[in-house]
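One chain comes next, on its own, written as structure tokens: the form predicted alone.
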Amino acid sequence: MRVFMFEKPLGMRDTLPDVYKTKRALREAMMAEIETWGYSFIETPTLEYDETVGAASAILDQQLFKLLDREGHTLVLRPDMTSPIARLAASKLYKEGCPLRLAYAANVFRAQQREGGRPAEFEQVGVEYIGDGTMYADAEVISLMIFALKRAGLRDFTVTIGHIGYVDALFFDILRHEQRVETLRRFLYEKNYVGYREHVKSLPLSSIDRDRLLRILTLRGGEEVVAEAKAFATTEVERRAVDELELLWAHIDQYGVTDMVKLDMSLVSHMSYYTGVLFEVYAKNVGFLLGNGGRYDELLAKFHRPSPATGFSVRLDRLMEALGEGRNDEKKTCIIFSQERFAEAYAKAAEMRRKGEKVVLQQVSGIQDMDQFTASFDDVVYVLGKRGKDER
């Protein structure tokens, strides 16, 4: 097929000036909050080896952008930041017994099979808290995400928390087969609760087991869900998961943000490396996921440095959509000058820039349509002809 001159690869987007300014402001606001909690920002390569980071990532293989280097190694454009940071921490930064707090603001790449408005490249801001297996770490990461979103200007949003250990223990106790468990997990991940109910009803199960599978959909709400989930738990793994959520809620309460949080015992993720607490954040009246995170205690073992870890990531493009149209309050001045008064015009522009003002310096003969060009500025100063009074 012929590629037209102005076409972009599937899922790729241009970022125009106003969008760039808004995105930068959100990024800087979140980064500022994250840094006040003592996290250190890092960068990792855009390209990683497929057999290490690609294999460790929870992103499906068909969503990876792959290419070959000159030595014949398969490389991938990083599909997430958690796996590259796990590689970096395991190789250089993490010392056993010393918790490590890292953060990032970076683009990730996930190939799209068809055009559906979903980007193949998008920016994430997030943190990874490595080396602490206590619920204090989970509470810190969740609370930090809430504070960072508030600092970025988001107000009406909810963080939903679950535990993959609870779901898996329930499913395996009843179904005892990975493929059957995966089928139910997919219904939950896709939020297809009607399909989930119909599928459960079609399974050859006892009425007791069928009720147990259906009841998990009702375990949603506030702190009261802990007692309900504990009453329905039948395995030690389920009870341990509920105990962790109870402790987590108490710690989050100390941060004063439980009004932004709810529990959902049916919550699952497409990210296969989560091993315990996991969470998602949604904004009111917006149907898509803004960010997510959770505990991944087995990922660093793939890089030969076993360690507990937890973290979160927020998508900046979706955060922008949740906040709506941002106002551009930046004022911009244009100084239009003629050749003989360039030095004077530059001196004026330099003085204004030192005061923090945004100033464009434009030679008059370079403008073809004066009205259209000047319409985009808040103020226009003309430094033209013989030296004299400037005109506005």
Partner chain sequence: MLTFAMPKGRIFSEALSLLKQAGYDIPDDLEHSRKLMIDVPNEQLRFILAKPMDVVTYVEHGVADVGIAGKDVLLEEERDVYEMLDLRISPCYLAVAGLPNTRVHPIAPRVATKYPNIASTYFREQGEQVEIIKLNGSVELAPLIGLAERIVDIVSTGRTLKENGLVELERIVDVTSRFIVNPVSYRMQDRAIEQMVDRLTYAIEKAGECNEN
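Positions refer to the first chain, counted from 1. Note that this is a predicted model, so its numbers are computed, not measured. In this text, rigid core is short for the largest set of C-alphas that superpose within 1.5 Å between two forms.
Omitted from view is the form predicted in complex with the partner chain, to which the following refers.
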Q: Select from the listed residues 146, 130, 283, 135 the one whose heavy atoms reach within 4.5 Å of the partner chain in the model of the complex.
A: 283
Q. Can you pick the one in 178, 236, 190, 211 that has a heavy atom within 4.5 Å of the partner chain in the model of the complex?
A. 190
Q) Taking the shortest heavy atom distance, is residue 262 within 4.5 Å of the partner chain in the model of the complex? A) yes
**Q.** residue 157: touches the partner chain in the model of the complex, heavy atom cutoff 4.5 angstroms
**A.** yes
Q: Considering only heavy atoms, tell me if residue 72 and the partner chain come within 4.5 Å of each other in the model of the complex.
A: no
Q. Within a 4.5 Å heavy atom cut-off, is residue 118 in contact with the partner chain in the model of the complex?
A. yes
Q) Can you say which of 299 to 307, 167 to 175, 195 to 203, 241 to 249 gets within 4.5 Å of the partner chain in the model of the complex, counting heavy atoms only? A) 195 to 203
Q. Does the C-alpha of residue 196 move 2 Å or more between this form and the one not shown once the rigid core is lined up?
A. yes
Q. Core-aligned, is the CA shift for residue 284 between this form and the one not shown 2 angstroms or more?
A. yes
Q: Just say closer or farther for the C-alpha distance from residue 285 to residue 12 in the model of the complex, relative to the shown form; it changes by 3 Å or more.
A: closer
